[in-house]
Ligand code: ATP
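What follows is a single chain, given as structure tokens, in the form predicted alone.
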Amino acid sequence: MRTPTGRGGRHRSVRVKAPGKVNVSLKVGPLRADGYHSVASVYLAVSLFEEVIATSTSEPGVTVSLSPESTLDLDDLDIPLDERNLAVRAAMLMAEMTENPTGVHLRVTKRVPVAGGMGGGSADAAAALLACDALWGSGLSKEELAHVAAELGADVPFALLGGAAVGLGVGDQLSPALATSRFDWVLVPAEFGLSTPRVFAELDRLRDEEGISAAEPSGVEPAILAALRTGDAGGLSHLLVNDLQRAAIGLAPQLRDTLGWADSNGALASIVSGSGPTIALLSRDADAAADLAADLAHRGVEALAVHGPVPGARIVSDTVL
């Protein structure tokens, strides 16, 4: 077991990257008695990474700061730097499971849109789990880390796993899906966020208003998994589905304009990612994605060309300071 400090009591620093995600498919069941919804989702990890550097400290406890290397405008974001922060909660959970934890400072680099439906906070938590496990020599297995991740939120286990996966239950019951080919996307972040609970509540309201009785989702469309397996972007473009999309549009009608523009200007398909408001545009290939992103940028719209699947949380460096 490695110790959290080097020779002479020097500190260690572990740097971990974890990806954001796109929901290629998201079916949502009715509101359950526990206040949650069962889902059947196909997750795809994409090449937009959060980064957490965990550094051992002499003082006990967990502290966190945001890195100026973040690509997001941190001045406009309300990101808590206390126990409400998912990365802090992850480190605290790991400390409870470790025999002799040190204090730790988490330095978070934000790149995934906040409250954007791409699991950025979940990626932070997954990165913090892996970093603290290495920093403190906790020695948890992948299965044990995944169990801890599920305590933090439905998307955290997938940020650990990465790649492509089917998520059932509340999204935390994961089965890896085979996706060996590259899929190219353009992400269009919004200048605002959407609360995930609020979007689910809006979906419930719409269903009640329309008298729709949603069924419990039991699985995902086999054709989606076949398209991922064979790398068929064209086939996948006809299969994208998100039950939360109309609720997100109901709360933010301006999303409809971006979706409509994308479908008539080179995107194979467009979809609101998760609970939104980030929009994911599926492209034919990397060149088409680059062209589409450039066209949007020319129009003054922020756009990010990404690809997936990519690996889940992984250690980038482990240094004695």
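Model, not experiment: these values are computed from the prediction. In this text, residue numbers run from 1 along the sequence as written.
Not pictured, yet referred to below: the form predicted in complex with this ligand.
Only one of Q173, S138, S237, T196 comes within 4.5 Å of this ligand in the predicted bound form by heavy atoms, so just point that one out.
Contact check passes for T196.
In the predicted bound form, the one of A115, L203, L152, L145 near this ligand [non-hydrogen atom within 4.5 angstroms]
For this set of options, the contacting one is A115.
165 to 173, 204 to 212, 98 to 106, 115 to 123: which one contacts this ligand in the predicted bound form at 4.5 Å, heavy atom to heavy atom?
Selected range: 115 to 123.
How about R246: is it within 4.5 Å of this ligand in the predicted bound form, going by heavy atoms?
Contact with this ligand, no.
Classify N242 as contacting or not contacting this ligand in the predicted bound form by the rule of any non-hydrogen atom within 4.5 angstroms, answering yes or no.
No, N242 stays farther than 4.5 Å from this ligand in the predicted bound form.
Can you tell me if P80 lies within 4.5 angstroms of this ligand in the predicted bound form, counting non-hydrogen atoms only?
So P80 counts as contacting this ligand.
This ligand contact in the predicted bound form: L228, any heavy atom under 4.5 Å
No.
For the heavy atom contacts within 4.5 Å of this ligand in the predicted bound form, list the residues of 93 to 109 involved, in sequence order.
Counting only heavy atoms within 4.5 Å of this ligand in the predicted bound form, no residue of 93 to 109 makes contact.
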